[in-house]
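To begin, one chain is listed below as structure tokens, in the form predicted alone.
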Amino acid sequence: MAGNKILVVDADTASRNFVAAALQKAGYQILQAASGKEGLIVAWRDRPEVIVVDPVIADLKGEDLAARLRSDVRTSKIPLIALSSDAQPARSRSCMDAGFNEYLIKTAQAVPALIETVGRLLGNTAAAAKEGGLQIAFLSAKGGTGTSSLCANIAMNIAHNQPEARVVVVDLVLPIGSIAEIVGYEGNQNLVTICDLPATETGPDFFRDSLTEMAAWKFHLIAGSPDPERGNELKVGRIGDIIRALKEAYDFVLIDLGRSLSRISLPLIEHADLIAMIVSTDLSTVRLTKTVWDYLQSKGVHSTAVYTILNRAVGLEGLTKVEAEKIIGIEIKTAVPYLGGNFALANNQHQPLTFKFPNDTASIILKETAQQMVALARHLRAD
């Protein structure tokens, strides 16, 4: 994406000029700043597409610089890359926690890695998000709302209703995935193992040919982390380009985020064609959902892109649809009735609810919900 503006913030003149020259040779417009405070001024004034920072700057700690950029609406969504001479893992974690997207070490291979990273992050833009297959993100504010079950069952209904379409489900629930248990997947391939592969090996063809198709569910699957330890080892920087490759390979990419709302999941939510927000009927979950919805609105998410589902996962008691809508402040598109033990039985037998209990009211509602979500996602993509 040549021509994009890149801001390089580095107190070392020689290092800053070297990095700037390499990026300029790659076709980017370069802005420079010799201090953290100057970097803030340039970023807020000139709005670069990517900011590269050596976090070892005297006047303003790199983490503080990132925090100030993230807290300002003018720069909150700009990708930040730390290009640092500090190779300590603690500094890397500190910078990533502060809001940097990537942490690169100044080595002999730093410039090629930087150019690749800049190109990858620039590809994760709103314009690029509107290319390829439709992306639908599933999330909830609290565990126990049935988000993963609904994601799997709606994905199955999308695939069943459109047999010509290619559908993939990505389990991004951390630190341990949940969809494999629902659909009966027992393979060794998962999100962690795929993120361990080099980017050159995980293009669209890899995902077309290598992912397991869950026959009864009619979709392909990237299972989640198999255990918390592996989840903590996940190379989160690879997720963006993996999703882009999946969108080239599939017509529908459904991402189960569970209750995760973080720097990992937020870009996937912001760039989704449709956001399925799952809420149960207990008051605490409804109130937490309002908090999540208020936060998403502050990040620019519009209500038209949200498909809210009220799922009576635990019983008949609790708030009504109207009461939940009043508290959250958003329309609830679908209400799934209480299923008793049917949902648990279907999950335990690794079967879609629609096939296990085809005449159940909930099965009919899920089929209609899948159709409505696809129609809305296509409408929003077209706008």
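Quick caveat: nothing in here was measured; it's all calculated off a predicted structure. Residue numbers run from 1 along the displayed sequence.
We do not show the form predicted in complex with a small molecule, though everything after this point is about it.
Picking from 76 to 84, 223 to 231, 142 to 150, 157 to 165 the stretch near the small molecule in the predicted complex, with a 4.5 Å limit on heavy atoms, gives 142 to 150. Using a 4.5 Å cutoff between non-hydrogen atoms, Asn347 counts as a contact of the small molecule in the predicted complex. Of the heavy atoms in Pro337, some are within 4.5 Å of the small molecule in the predicted complex.
Proximity of Arg312 to the small molecule in the predicted complex: non-hydrogen atoms within 4.5 Å are present.
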